[in-house]
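Form predicted on its own, single chain, as structure tokens, below.
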């Protein structure tokens, strides 16, 4: 039997918030086998780590900072909130491991996955799901490393830790403590089954073009380029990428078309997308968020793009982003072996960029997810990158929503 509890508390003083959480834990005590903790970046994360480690010494722990705090079935916690999700599953197996992303990130991820499997007592086995939380910047390499072990036979779901201003004030929390440049890997072997979904809330606006040149990132310590992809799009259809993109947007970037301009906020509702295939005749897109214009019209992005990829101009609006969160939660629930009647609760990743764009409509996002989960416990965090399985392949994207549903 799987049981979930979520607890959220908020306040300016970390010690006071932890005291409130401690009292809440006494009202409905369970012994978690898996524990997620997400929190606003202004909090004393060393105190948070000490609290969860002392309180739950036998739990597999995973967490980190979340932009603007957390959400749960009780609504938004606010930027000073700390949230806990406790999963008690005596018939399941859970393990976490962490590593700093130094040197070859793929090698680091592979090593962390093996360590997490060892911690779960399931070395050499295929998890039902891998949950990850990491520092932003090397998400594609992390997925490559994990795929060396599990391929696409196992969904990889998670997010990139965030702060409130993209200032690098993020952290990751794993079984050995805190990191600023790390990866935490959780392996889940749930006795009640797990459903998952990974989607975006944007639609194509009509324009598209083929990436004809990208700027390469060095592959490992050798610096040898092994793939024709990167996070700098130099040209689309042979023209400077930023000029093509701005044309798709009707010229809205204006004076920001100069080198070094930050366009992150301007482009939240106008990402680009990659066609990843159809489900029941409906095309699904992996979203990529442009964040800066560089020299010579190069377009910088928060996810890597491969040469030869056709990019589609995408558009979103607040109502779609609000409604999509509930739909993703529903899609995750539908994958449970026992259907919605077996739901114990869930875990949700909602892009921080979407959260900031939705603004004062965010209470409706938490309500939509809660309605889909039928009031069951859930915890949601807001990230600077999202990872998930889409049409049978694990991928990193931006402005996306991930959800997992735990069965009883």
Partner chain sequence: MRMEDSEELREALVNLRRELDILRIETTHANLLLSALDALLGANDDDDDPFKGVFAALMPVFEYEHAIVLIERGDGCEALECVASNHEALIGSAWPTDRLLQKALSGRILSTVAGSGTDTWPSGFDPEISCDQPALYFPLAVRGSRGAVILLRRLGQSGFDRSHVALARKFSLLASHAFAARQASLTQAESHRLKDLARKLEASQEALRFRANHDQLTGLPNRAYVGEIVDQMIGRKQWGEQLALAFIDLDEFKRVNDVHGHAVGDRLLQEIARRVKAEIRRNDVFGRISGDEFVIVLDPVGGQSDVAQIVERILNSIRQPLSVEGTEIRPSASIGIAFYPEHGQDYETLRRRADLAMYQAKTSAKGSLSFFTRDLGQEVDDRLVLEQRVKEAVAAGEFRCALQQKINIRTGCVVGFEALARWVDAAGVVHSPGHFLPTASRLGLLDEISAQVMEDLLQNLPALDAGFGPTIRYSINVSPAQTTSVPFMQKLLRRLSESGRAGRFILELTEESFAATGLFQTHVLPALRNAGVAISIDDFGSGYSSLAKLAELTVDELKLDRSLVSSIHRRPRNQIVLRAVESLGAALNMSIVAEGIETDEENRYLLEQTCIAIGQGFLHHRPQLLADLLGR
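This is a predicted model, so every value here is computed, not measured. Positions refer to the first chain, counted from 1.
FYI, the form predicted in complex with its partner chain isn't displayed, but the following is about it.
- 283 is the sole member of 258, 262, 102, 283 with a non-hydrogen atom within 4.5 Å of its partner chain in the predicted complex.
- None of 312, 302, 270, 229 but one reaches within 4.5 angstroms of its partner chain in the predicted complex through a heavy atom, and that residue is 270.
- You can rule out all but one of 161-169, 287-295, 303-311, 109-117: in the predicted complex, only 109-117 has residues with a heavy atom within 4.5 Å of its partner chain.
- Here the marked residues 175, 180 and 342 all miss its partner chain in the predicted complex; none has a heavy atom within 4.5 angstroms.
- Not displayed here, its partner chain is approached by residue 320 to within 4.5 Å at the level of heavy atoms in the predicted complex.
- Shown alone here, residue 83 lies farther than 4.5 Å from its partner chain in the predicted complex, counting heavy atoms only.
- At least one heavy atom of residue 121 is located within 4.5 Å of its partner chain in the predicted complex.
- In the predicted complex, at least one heavy atom of residue 252 sits within 4.5 Å of a heavy atom of its partner chain.
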